[in-house]
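Below, in structure tokens: the form predicted alone, a single chain.
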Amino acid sequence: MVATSAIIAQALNGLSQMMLLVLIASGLTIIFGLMDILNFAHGSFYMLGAYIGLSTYLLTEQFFLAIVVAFILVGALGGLLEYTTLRPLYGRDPVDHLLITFGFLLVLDQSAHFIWGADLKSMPTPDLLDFSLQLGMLSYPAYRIFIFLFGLAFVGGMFLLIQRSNMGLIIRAGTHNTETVRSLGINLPRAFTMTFAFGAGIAGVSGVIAAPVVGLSPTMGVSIIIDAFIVVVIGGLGSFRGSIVAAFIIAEVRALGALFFPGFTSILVLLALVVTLVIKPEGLFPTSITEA
């Protein structure tokens, strides 16, 4: 019989994993919801963020500086790729966007392999958060609680930025009526570049946050991006609110499934996807990000 403390610990692990998925899936959702681009390279931006964070942390021993550096560098790379390769493809078949972002994935993963090598690497837990909290009879790592709280604050700020800022307003308006926004003298392509860069930067931050609890490898983005895509589909394409709910479902299915049905968690996740698509093919919250 499984102990109650083990169930609570796994449920809490699920919450921290949920926030990582929310961060990654929200970047995907922002890019897709506002720009209609399904970014296959998003997991590679997550991987790059983890490696850049590791290198920065080993050099400076400043964890929060590593987060900032990863956000800036990965975001800048995302903006550069959007400007040089995606922008000329706007207005063409969406398959072209899929192919070019898949090309990003291959190039970025191989580049990481060349720079950091194929060996599994680990990032130490920051000294400031390297302790456990006593939650009743359960001793729980403070870093996992930090992941949850950081993700909560970051996603809340991101939501306000999209919904309340002039930049978010321009982008949302541009999604609905590009010509009207252009007629107002607004530089929509530049706004889209900033959106793509912002989404990539979020993925980079996710990689740094995840690094102390996962192993780093050039292919680490593949497994997480599969779950992120499942989250986006279950939540509803372009739905920010749906991503949060779906991330909770998938994270808890994986966490508690590992406890009660070890070896079958991936099947359970896919089953959740299939059931959702059968009952609600458009996802749980089939609204655009502008309505979330």
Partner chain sequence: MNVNLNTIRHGAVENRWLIAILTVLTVFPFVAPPFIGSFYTVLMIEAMVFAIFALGYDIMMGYTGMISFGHAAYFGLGVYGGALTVLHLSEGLIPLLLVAVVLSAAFAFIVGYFSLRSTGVYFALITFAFAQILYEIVIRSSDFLGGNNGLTVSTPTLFASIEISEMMIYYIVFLTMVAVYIGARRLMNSPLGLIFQVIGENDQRAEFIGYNVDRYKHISFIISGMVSGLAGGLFVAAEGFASPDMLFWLFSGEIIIMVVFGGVGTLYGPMIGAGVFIYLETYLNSTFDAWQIILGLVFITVVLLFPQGLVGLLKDSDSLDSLSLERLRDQLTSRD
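In this text, all values refer to a predicted model and were calculated from it rather than measured experimentally. Numbering follows the first chain given and starts at 1.
There is another form of this protein, the form predicted together with the partner chain, and it is not shown here; the text below is about that form.
Annotated contacts: Thr84, Val222 and Ile226 all touch the partner chain in the model of the complex [non-hydrogen atom within 4.5 angstroms].
Annotated contact segment (heavy atom within 4.5 Å of the partner chain in the model of the complex): 95-103, selected among 144-152, 95-103, 126-134, 186-194.
Shown without its partner, this chain lists Ala255, Ile249, Leu237, Ile67 as candidates; in the model of the complex, only Leu237 has a non-hydrogen atom within 4.5 angstroms of the partner chain. For the residues Ile72, Val214, Leu89, Leu138, the 4.5 Å heavy atom test against the partner chain in the model of the complex is passed only by Leu89. For Leu58, no non-hydrogen atom is located within 4.5 Å of the partner chain in the model of the complex, even though that partner is not displayed.
Taking the partner from elsewhere, Ser111 is found to have a heavy atom lying within 4.5 Å of the partner chain in the model of the complex. At the 4.5 Å threshold, heavy atoms of Leu160 stay clear of the partner chain in the model of the complex, well away from it.
Of the heavy atoms in Val233, some are within 4.5 Å of the partner chain in the model of the complex. Of the residues in 37-72, those that come within 4.5 Å of the partner chain in the model of the complex through at least one heavy atom are, in sequence order, Leu38, Phe40.
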